[in-house]
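Below, in structure tokens: the form predicted alone, a single chain.
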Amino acid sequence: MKNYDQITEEIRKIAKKILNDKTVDKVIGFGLGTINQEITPLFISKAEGAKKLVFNKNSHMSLAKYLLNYKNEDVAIVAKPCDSRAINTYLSEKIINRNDIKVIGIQGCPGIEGNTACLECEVRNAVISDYDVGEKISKKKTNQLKEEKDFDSLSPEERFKYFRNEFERCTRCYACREACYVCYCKECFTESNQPEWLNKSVSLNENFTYHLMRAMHMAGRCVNCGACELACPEGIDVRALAAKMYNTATEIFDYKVGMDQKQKTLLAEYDVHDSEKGFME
């Protein structure tokens, strides 16, 4: 497995070449911010700017969502394996055009520091790529979920207590929504006033409504990248519900999101061989 510095050099080399060749007009990648050298999205349109691109243990945000700002433009994007699956989902839903994008896919992703999703990740190679960086690795044995997230072993009362403790801290800043590639609706249900799903005030009941409804919207579409949890300023276990839905889709339907650009979303297709596990089981 190649390290972050090696991957960074390969990204810079490819970005410089495709900008010089006019293959694309812009490269979307990671760069160093002006405050504490934090990682930030970087948009490069000149070849000499390629040297500013980086990839390190803190490159946590999902860049895929930025493609929605450059529809019908020739752009390249640096994609971690989870980001590549997000791109495939956009292609499947016909939100972006494959001919408009070039993917610099990270193979053998070394993971992101502090991202619990990386501990569970079973897809370490980019699933769609025009230019490979890094080095492909064989399927890695995934770590088990933390004990406190084994919700099946908890009673309903224990589950409620866990989520109550988490959601009481939520200020509904919507950082999790903004970080999520799935949340691209022009009008979110949180802002709807006809019907009004949520009151503007922050309360535990409203927080439960927001997080539960968001989890249902993400069913069969979340790639379990962890961007939502890392974006939360309160350190809330935002990913818990989405990860549960992700694992349920895998266990019952043998379905993994975004593995192929022609793959339909889970709730958009029907298979007579699907499990008939009861809803309440």
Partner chain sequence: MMIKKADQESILKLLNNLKNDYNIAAPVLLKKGKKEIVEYVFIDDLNDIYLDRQPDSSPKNIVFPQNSAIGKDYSGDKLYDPEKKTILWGVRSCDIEAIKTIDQVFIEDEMYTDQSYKANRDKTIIVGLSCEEREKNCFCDALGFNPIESDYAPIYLFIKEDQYYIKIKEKEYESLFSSLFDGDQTELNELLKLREKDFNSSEFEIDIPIPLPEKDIFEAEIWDEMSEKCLSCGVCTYYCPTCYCFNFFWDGNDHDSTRYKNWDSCMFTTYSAHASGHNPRDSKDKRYRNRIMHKFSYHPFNYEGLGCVGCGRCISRCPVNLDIREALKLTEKYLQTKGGAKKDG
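Residue numbers count along the first chain shown, from 1. The structure presented is a predicted model; accordingly, all values stated were derived computationally and were not measured.
Here the subject shifts to the form predicted in complex with the partner chain, a form of this protein not shown in this document.
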{"property": "Segment assignment from 100 to 108, 119 to 127, 79 to 87, 168 to 176: heavy atom within 4.5 Å of the partner chain in the predicted bound form", "result": "168 to 176"}
{"property": "Output flag, 41, 199 and 202 jointly within 4.5 Å of the partner chain in the predicted bound form, heavy atom basis", "result": "yes"}
{"property": "is_contact(residue 48, the partner chain) in the predicted bound form, heavy atom dist at most 4.5 Å", "result": "no"}
{"property": "The partner chain contact at residue 113 in the predicted bound form, heavy atom, 4.5 Å", "result": "no"}
{"property": "Partner proximity in the predicted bound form: residue 26 to the partner chain, non-hydrogen atom cutoff 4.5 Å", "result": "yes"}
{"property": "Residue contact check: residue 256 to the partner chain in the predicted bound form, 4.5 Å heavy atom", "result": "no"}
{"property": "Any residue of 10 to 38 that, in the predicted bound form, places a heavy atom within 4.5 Å of the partner chain", "result": "26, 33, 34, 35, 36, 38"}
